Ligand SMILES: Cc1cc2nc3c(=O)[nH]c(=O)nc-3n(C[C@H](O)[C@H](O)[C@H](O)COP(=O)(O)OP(=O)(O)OC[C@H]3O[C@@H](n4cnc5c(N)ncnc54)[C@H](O)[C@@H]3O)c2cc1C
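Before any questions on binding or motion, here is one chain by itself as structure tokens, the form predicted alone.
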């Protein structure tokens, strides 16, 4: 639909339901918040509907154990161009380089890894980047597993294992072309919590919590959005829910999404990067705060532990891929017991007595996320761009999945939300 038709749609919808909104934004994560600010700056009336009882989406600072940790996104990636650097500065919120001062220890089955195995691992790290520089993927997209295929069945999984802690997915399900496209740069952290920063930025917007959207009808002059509190009518709708939620059919679209959009969704999966936090009181077992303990005996079941980050009484474990999915399905009690037993093997049996609580924000089984962030499947590296295309001149899908090289990040979601809002705001009514 062109500009003239969309202008007519905007005018018609406004005439029908002037009291609702110009635009309904679904989701109050980073993309929805960014869209809300951009629409308000453009003079558009926007209502943001959020299924959860809080804002921030997959960016959430969890203080349920007392010591707080970022249960979702943690890093301001590619800080040189990430909008959150400027947003934080404008709000007076401090950012800092990632702390690295605590040291690093490598384990296999909870025991210190043998020197020979350590050297073997060191020799294959970095192979993904080397192969992306030398292997021709212009004729055919490859999975990262295929890219590393000539390393063999032992070293290939080791070389790919780092992706479980960054992409959160198995190497066989990651497009090499999409991976190559992702932006790189310096990382910053938010000592006060990235989730807290995002929530603060949301202040002042018309955000309605506990309003899961069940249906979006776009068969009329505008859109009709169904929530537990009733139906909102508007000229346009920006949908920022995660790809996992869209693929699960949690929102019914009438008419259904076009084939090109459905094909794009089919080409994108969701990783399962997962954090498990333990509140640990009393003995620190001689561990230097901000140390990293990495269990890497089995590449597919790798877990990295941040030990007492920021000198707080907390340990945060990270894992991804199918191992994280299995832990998510097992539930918080089983996952907590698993990592406690592993750490007790590393540190000593007395560690179990020091564990006083578990927080397990399992994004993979969270119905409002159904995954950590989007991953393009091999052969579907164009899916992100197709997903970002407007639907019928009334619907925009926006979020980290549509952020191109900025995908999988809060910064990318923010840029995507702004872009969708700008497309709506450019229409003159």
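These numbers were taken from a predicted model, which means no experiment stands behind them. Residue numbers count along the first chain shown, from 1.
The form predicted together with this ligand exists for this protein as well; it is not shown, and the discussion that follows is about that form.
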Query raised in the report: Thinking of this ligand in the model of the complex, which stretch from 36 to 44, 388 to 396, 22 to 30, 375 to 383 has heavy atoms inside 4.5 Å of it?
Result: 22 to 30
Requested in this report: Kindly indicate whether 75, 245 and 251 are, all three, within 4.5 angstroms of this ligand in the model of the complex, using heavy atoms.
Outcome: yes
**Report entry** Interface membership of residue 275, this ligand in the model of the complex, 4.5 Å heavy atom rule
**Finding:** yes
Requested in this report: Give a yes/no on whether residue 59 approaches this ligand to within 4.5 Å in the model of the complex, heavy atoms considered.
Outcome: yes
Query raised in the report: Going by a heavy atom distance of 4.5 Å, is residue 211 a contact of this ligand in the model of the complex?
Result: yes
Query raised in the report: Might residue 167 be said to contact this ligand in the model of the complex, defining contact as any heavy atom within 4.5 Å?
Result: no
Report task. State the residue from 235, 238, 147, 71 whose non-hydrogen atoms include one within 4.5 Å of this ligand in the model of the complex. Result -> 71
